[in-house]
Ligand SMILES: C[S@@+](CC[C@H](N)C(=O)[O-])C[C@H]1O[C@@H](n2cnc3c(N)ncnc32)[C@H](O)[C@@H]1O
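First comes one chain, alone, set out as structure tokens in the form predicted alone.
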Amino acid sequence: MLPPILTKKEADRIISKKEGAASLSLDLGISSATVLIKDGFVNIQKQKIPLSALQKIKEKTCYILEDNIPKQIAFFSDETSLYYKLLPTQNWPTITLSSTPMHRYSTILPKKDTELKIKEISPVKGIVLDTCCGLGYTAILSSKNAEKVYTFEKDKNVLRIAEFNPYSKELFSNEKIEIRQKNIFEEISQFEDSFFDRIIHDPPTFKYSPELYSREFHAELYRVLKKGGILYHYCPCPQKTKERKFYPKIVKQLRGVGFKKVEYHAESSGVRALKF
């Protein structure tokens, strides 16, 4: 069972109530619960939290309750020199790596963002490769219709954040999903030719994983995809404000390694390609 999670929204609701019962969510909106507030404390699942501690809860941060204290779902890794944080949104949370979000969430929310990516490889069937797991949203949605989903995550810190996220729970319990804590760039060579029916390639931004945008890796994606298979390649727009488009390079490179009907779709912010 996951520990209770609070954001500033829930904390403010408790503080404004002051005394009595308050209804709120302890799992980022999945369900509702009733908590009791009395004598400057709130009782949440056998924990007694001072209201003064809730006043310190910050915006854009998720907190778990441990030992009667709210603790941020965030930490710094000396190994990667990155700061990891679970960031709440209006529905599914996202993860940030040193302030860089791994999902779109300002103009479009993570749930819709993920659904658009899954739509690009529809109909989902057979064996699916999810190259970059993150919080596991694409793997979870793909598993609804796939026979098997292989998902890769090289950063153990990302999976550590996912373990706190109630929307990632199925990632660790669904028997259709196989998580491999390895670098897909290094591991893709282990798969046979034409192994996957569908591929979702949703890499971090170029500065974090330039190898996942390389021609060498794109050629491997082509090799392991079956004839008649579909590839979706997310294309972040880090320099959109400077009117520099990143996706034309991806389109050209995918065509160069053999993909056909390579098209950029603005709604999903990615490229859909087929293998004939």
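Because the structure is predicted, anything quoted here is derived from the model rather than measured. Don't overthink the numbering: it's just position in the shown sequence, from 1.
Another form, the form predicted in complex with the named molecule, is not on view; read the next lines as being about it.
Interface membership of Ser209, defined by any non-hydrogen atom within 4.5 Å of the named molecule in the predicted bound form, is confirmed. Looking at Ser143, you'd find every heavy atom of it more than 4.5 angstroms from the named molecule in the predicted bound form. By the criterion of a heavy atom within 4.5 Å, Thr89 is excluded from the residues contacting the named molecule in the predicted bound form. Interface residue remark: Pro204 is counted as part of the site for the named molecule in the predicted bound form, having a heavy atom within 4.5 Å.
Listed residues Phe152, Phe195, Tyr105, Tyr167 were compared with the named molecule in the predicted bound form; Phe152 is the one with a heavy atom within 4.5 Å. Contact with the named molecule in the predicted bound form, judged by any heavy atom within 4.5 Å, is made by just one of Cys132, Ile161, Val128, Ile177: Cys132. Proximity to the named molecule in the predicted bound form, taken as heavy atoms within 4.5 Å, picks out 211 to 219 from the listed stretches 45 to 53, 25 to 33, 211 to 219, 59 to 67.
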